[in-house]
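Below sits a lone chain in structure tokens, taken as the form predicted on its own.
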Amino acid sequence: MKIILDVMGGDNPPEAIVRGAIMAKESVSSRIVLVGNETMIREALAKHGADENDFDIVHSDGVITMEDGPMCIVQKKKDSSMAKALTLLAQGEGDACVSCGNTGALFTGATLIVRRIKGVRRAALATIMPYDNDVMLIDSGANVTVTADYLVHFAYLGSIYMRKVYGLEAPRVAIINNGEEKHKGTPLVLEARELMLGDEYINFVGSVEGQELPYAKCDIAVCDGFTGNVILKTSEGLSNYITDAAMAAIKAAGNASEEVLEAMEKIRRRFDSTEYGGAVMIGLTKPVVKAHGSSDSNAIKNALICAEKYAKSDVTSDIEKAFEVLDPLAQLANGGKNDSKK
């Protein structure tokens, strides 16, 4: 098994990313393919005392920056490390791909190069949030504009992933809303809610408010990518702020025991986004993992672990089989009623 790593994306290329790959060697059995400027990759490997022979190196000249538009990956920057990594994945030269580069370009490239599974209208970005139970937030940033049918698709995709990877027999699906009452919500949310209520393939438990997400109200929280990204970034910022402030206050008191400091450090690590590696793109023919743009070496290590777990779980095969039964295109044509379920 091989995992392809775009080493030129994000805020810290290529050294921190290469170092993350070196760290991951202790935790993954897959061979790691480093894609980017060959000279810089070799220099980074040498700096950290790594053996070049432990990795495959694929040279690529171009780099997609955070300022580039989504379509650049298939237009002006086909020679970029991200485009090359996705092309290798599509050609069967690897089993999964990881990048911490431009989200829009990665999602566009994954959709057009790796391509969606037949029947999936939109792939989605899914992030696992470390609350009382691991909650999947889907979509967490890929699809800013959606329809009610897309939200139903996200529920399908999330349910299959959580069953296969997390072992949940009937993962609970909720839709993000501004209240639990049936009459509350935007027209989009209200329409999607009705579709999910009548769908036998979704264990729908109703609406969930933002403040309820940490308290095991659901296993999958469905929303559009704009809402999901705001929730994700707010959660990350708030958890960092609170843990940093609490640690500073404890240290300032001057009488904290080692046990208290260790407990606080454990809490900080629990909510540290680098410990979770990244978000998975679900609905594609091959696994793609989007690591945070500011990923350090630890985040890259965990993203590679996540990618291997994703690939080994064979979620894509389960989605292919499920969508043959669900026949979502027929469902849309029937106004949300799928006769093939009967």
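Only a predicted model underlies this, so the values are computations on that prediction, with no experimental measurement involved. All residue numbers refer to positions in the sequence shown, first residue = 1.
Although not depicted, the form predicted in complex with a further copy of the same chain is the subject of the following passage.
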{"item": "Option touching a further copy of the same chain, based on a heavy atom within 4.5 Å in the predicted complex, out of 93, 194, 79, 181", "value": "181"}
{"item": "Non-hydrogen atom within 4.5 angstroms of a further copy of the same chain in the predicted complex for each of 185, 230 and 249", "value": "yes"}
{"item": "Exercise: residue 189 in contact with a further copy of the same chain in the predicted complex, heavy atom 4.5 Å", "value": "yes"}
{"item": "Contact label in the predicted complex: residue 62 to a further copy of the same chain, heavy atom within 4.5 Å", "value": "no"}
{"item": "Contact flag, residue 256 vs a further copy of the same chain in the predicted complex, heavy atom cut 4.5 Å", "value": "yes"}
{"item": "Exercise: residue 198 in contact with a further copy of the same chain in the predicted complex, heavy atom 4.5 Å", "value": "no"}
{"item": "Stretch in contact in the predicted complex with a further copy of the same chain, which is absent here, among 149 to 157, 166 to 174, 119 to 127, 264 to 272 (heavy atoms within 4.5 Å)", "value": "264 to 272"}
{"item": "Residues of stretch 223 to 239 in contact with a further copy of the same chain in the predicted complex (4.5 Å, non-hydrogen atom)", "value": "226, 227, 229, 230, 231, 233, 234, 235, 237, 238, 239"}
